[in-house]
Structure formats: C-alpha cells, structure tokens
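Quick setup: one chain, the form predicted alone, written in structure tokens, and binding and motion questions come after.
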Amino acid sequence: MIKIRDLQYLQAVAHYKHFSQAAEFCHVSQPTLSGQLIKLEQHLGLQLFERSRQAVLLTTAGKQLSVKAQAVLNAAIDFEQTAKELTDPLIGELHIGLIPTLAPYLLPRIMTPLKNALPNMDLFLYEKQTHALLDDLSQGKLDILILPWLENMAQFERYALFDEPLVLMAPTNHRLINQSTLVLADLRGQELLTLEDGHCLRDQAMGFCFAAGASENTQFRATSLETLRHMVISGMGLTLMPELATTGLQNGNLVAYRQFDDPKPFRNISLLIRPNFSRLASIQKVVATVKQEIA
C-alpha cells in the first residue's frame, strides 16, 4: 500500500534533486528517506530516479508519477481542510501569497480588517515573485494568491479585486508633470527606468510604454519599487509606479506623481485559488474585505 508519506518523499526529492536536502525538508534521516523510495520503486516495478554523485534526476516514469503524486497530495490537503470546515468553515490556517510590488503597499491596508473578518483563522503571508507563487499554489503550499492577473493564469479560479492605475513618477521640473494633460502617447521618445526581469510589473509597464513609443533605460534595472523610486528622486529618469505605492508619501520637492488621462494604464489585481478549492467561505470573506478596504 502506497502511503502519503512516500509521495511526500518523492516530491521532496523531485524538488531539491538531492536526497540529503529532501530528507532535511521532510524531517527524517537520509537513509530513512532513501530506503522508503527504494521500497516505492520496488512496489511499482519502476525506476523513478537517476542517481549520481552530482545530482538526482527524475526518470521519464518518475516525472509522470510526480505529477500524479502532487494531485494526490493536494487532494489530501483539501480533504483535511474540508473536515475542518465541517466543524467551522472559518477556522484553521490560510496561506496567502503576494508579489513584492504589491505586498508592502496593500497589506498595511487590509491586514487588520482581514483579522477582524476572520478572527479564528491564522493568516500566513508569503512574498515571492509571480512564477514562484504560481508553483506554490499548484503544489498546495499556498491557499490563495493576490497579484496582477496575467493570461497564463487561466488554469486557476479567479476573483477580480480592483484595478490599480499606473501613474507617472518624474522629477517635479519634468515637462510631462507640468503640462495640462497627460496621455500615454506623451511618453513617445522617453526612456523609462524599470524593474529587473522576473517582476510581472516590469512586463506590464513596459507593454504600455512600448505601445506608446517609449523605450527602456538599459543602464539600470531596479530590484524593487523602493530602489526605483530613489533612482527617480536622485534625478536618473522617470518611471511608471503602481498607485498604491504612491499614496501617503512625502518625497519633498524633488519628484511628483501624475495620473494619466483616460485610457489609464492599470493592472488588474485578482485573487487566485486552485480549481475546486474547498474553503470557499474563507475566500469569500477575503474577497469582500479587500474590495471594501480598497473601494
């Protein structure tokens, strides 16, 4: 009989590609983990791993069964959470993932209301880039994501939360700040400071800029919005900034923020869950609370 524990060991080795690291993650000794996986291979009559001193790789059979194993583990998690919901749908743990260009600006606004709306739930927060969050959601490590919607997220269920405008941040003496109207086409010929690769905001912002005829300043790419902000403050150029990251800030007389006239560039902030996620009562509470606080 295959046990859930064996599937957890399989997935840990598939992730770390190293028996020692997988054993540490699973809180067992390496011989215990290796022995159980050998028994699993013998039970299945298949070789799941290619073992060498350099690395551990999944065989073709191992890759296919790893996908099935993750589905079983997700089902086990949902089974346990459903059992908790039968006693009280609003107790237990809720693991929430957000991206770095949203978390520092949204969380201060919504955490107290969320705790008030879900007083018997333990909220765990994780800040990672988009690709890592999507992997964690697929693998059941996270329950929900709050992040900008992209077309490659269609495999998840989506709740639209709010549209966040992107605003121009530039030195106060820049002509685009001081002209009577501002539309995206006014960016034609401008060079904009951007985030480094891996941030979905970079792709979204540059999509608007390229469409308007602007280009990217390739001399510098920021690792965070705060670095980007300070580069504009220091006079290096101008950029597009999410509106939540601009409210309540005092940057002296060095820079200014300016909204675009319609049509405004924006990103659609959404909540994602896995299909058939069982804890919908808690999700509905989160959606309603975030919408109310941002309205």
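Remember, predicted model here, so these are calculated numbers, not experimental data. Just so we're on the same page, rigid core means the largest C-alpha set that superposes within 1.5 Å between forms. Residue indices: 1-based, along the sequence shown.
Below, we turn to the form predicted together with another copy of the chain, even though it does not appear here.
**Student:** Give a yes or no on whether every one of 4, 60 and 78 sits within 4.5 angstroms of another copy of the chain in the predicted bound form by heavy atom.
**Tutor:** Every residue of the candidate spot has a heavy atom within 4.5 Å of another copy of the chain in the predicted bound form.
**Student:** Could you spot which one of 36, 30, 268, 64 gets a heavy atom to within 4.5 Å of another copy of the chain in the predicted bound form?
**Tutor:** Comparing distances to another copy of the chain in the predicted bound form, the residue within 4.5 Å is 64.
**Student:** Only one of 22-30, 65-73, 234-242, 258-266 has heavy atoms within 4.5 Å of another copy of the chain in the predicted bound form; I'd like to know which.
**Tutor:** Comparing against another copy of the chain in the predicted bound form, the contact stretch is 65-73.
**Student:** Verify the contact flag for residue 97: yes if a non-hydrogen atom of it lies within 4.5 Å of a non-hydrogen atom of another copy of the chain in the predicted bound form, no if not.
**Tutor:** Residue 97: no, not in contact with another copy of the chain in the predicted bound form.
**Student:** Is residue 129 a contact residue for another copy of the chain in the predicted bound form, using a 4.5 Å heavy atom cut-off?
**Tutor:** Flag for residue 129 set to no.
**Student:** With a cut-off of 4.5 Å between heavy atoms, is residue 154 one of the residues that contacts another copy of the chain in the predicted bound form?
**Tutor:** No, residue 154 sits far enough from another copy of the chain in the predicted bound form that none of its heavy atoms falls within 4.5 Å.
**Student:** Is residue 253 close to another copy of the chain in the predicted bound form, meaning a heavy atom pair under 4.5 Å apart or at it?
**Tutor:** Although another copy of the chain is absent here, residue 253 would stay clear of it in the predicted bound form, with no heavy atoms inside 4.5 Å.
**Student:** At 4.5 Å, heavy atom to heavy atom, what parts of 23-47 sit next to another copy of the chain in the predicted bound form? List them in sequence order, or say none.
**Tutor:** Result: 43, 44, 45, 46, 47.
**Student:** Residue 290: CA shift of at least 2 Å between this form and the one not shown after core fit?
**Tutor:** No: residue 290 shifts by under 2 Å between this form and the one not shown.
**Student:** Do you see a C-alpha shift of 2 Å or more at residue 236 between this form and the one not shown, with the core held fixed?
**Tutor:** For residue 236, whose C-alpha is compared between this form and the one not shown after core superposition, the shift is less than 2 Å.
**Student:** How about residue 154 - superposed on the rigid core, does its CA move between this form and the one not shown by 2 Å or more?
**Tutor:** Moves: no, less than 2 Å.
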